[in-house]
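To begin, one chain is listed below as structure tokens, in the form predicted alone.
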């Protein structure tokens, strides 16, 4: 049985204060490269209307050289609270990008200092900043000076097991003006392998006064509660657990607010959500949206009779109508009596998605 300790329950009943900005939920949707576009965020927000959402990470250098803002930076004026995440290693470019982010409607600006992917780190961004704390500090100071919304940081516990530097690094970010830090409990070298080491999140929480958000291995309500209990973090951020399951943030949020666990969606409900997701991506991005939808559709197709076959078919769809027809056929089969099979795979098997 999942339960909250009285002290934790009292703490989580209060709004999350990020500098001058308040969020009425302690559960956040992580920025995910190639995933958290406006279509995906709308689905998550349906079940978690008060949670903070994040855009995909935006390259500040790229933003400096274009006249038109990239589509990944687009936000719905009604989708608040919303944060735009930026990455780079140039303080001046990041400050310039932050001004544009605020003009687009960002309630906070998040700086990515945790992405482990080579194409990001080799250019000095993402988790490579863990090895350049002076640069990271300068970035936060410049961005804080440039905008009047809270500036936050998402990072990891260190570069490798031999370079776990999060305690000093996080303190530097706080001193530079960061109003919240999200800590993914893995090193850059780990990527998404092994277990998240929540004990380091707890240690960061002990030495900082700003809110600390726990991230890593939050695949269920039970995992979220364990993370909060073990770390004393001020909230949790869901990443890969929401792939093909935009219900998760809302499920955790509901439990933290009521102490009750919602019934999980049925396979048919999940497929209906997949159908809506596919149609919305087509409406928003056209053929490119259909290509992007392939991975989403395979994430939805788990945990029911015929899921493996459907995954294979959806991974190569060429048109929206083709995908919709495939999903509709399986929905009809399930509605006519197919018994669900226990085909659900663990969160660690969800692939190599860039969780930024």
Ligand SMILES: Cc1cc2nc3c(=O)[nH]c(=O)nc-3n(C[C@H](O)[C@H](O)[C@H](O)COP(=O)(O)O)c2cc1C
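Numbering follows the first chain given and starts at 1. For clarity, every value in this text was computed on a predicted model and none was experimentally measured.
Note that the form predicted in complex with this ligand isn't included here; everything after this is about it.
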Inset, instruction - Could you tell me which one of 192, 255, 159, 93 places a heavy atom within 4.5 Å of this ligand in the predicted complex? - result: 192
Legend entry - Contact assignment for this ligand in the predicted complex, among 27, 301, 57, 60, heavy atom within 4.5 Å: 57
Legend entry - this ligand in the predicted complex: contacted by all of 16, 83 and 179, heavy atom 4.5 Å: no
Legend entry - Touches this ligand in the predicted complex: residue 292 (any heavy atom, 4.5 Å): no
Inset, instruction - Although this ligand is absent from this view, report whether residue 313 comes within 4.5 Å of it in the predicted complex, heavy atoms only. - result: no
Legend entry - residue 128 within 4.5 Å of this ligand in the predicted complex, heavy atoms: no
Legend entry - residue 152, heavy atom within 4.5 angstroms of this ligand in the predicted complex: no
Inset, instruction - Among 136 to 144, 277 to 285, 169 to 177, 210 to 218, mark the stretch whose residues have heavy atoms within 4.5 Å of this ligand in the predicted complex. - result: 210 to 218
Legend entry - Residues within stretch 17 to 32 having a non-hydrogen atom within 4.5 Å of this ligand in the predicted complex: 30, 31, 32
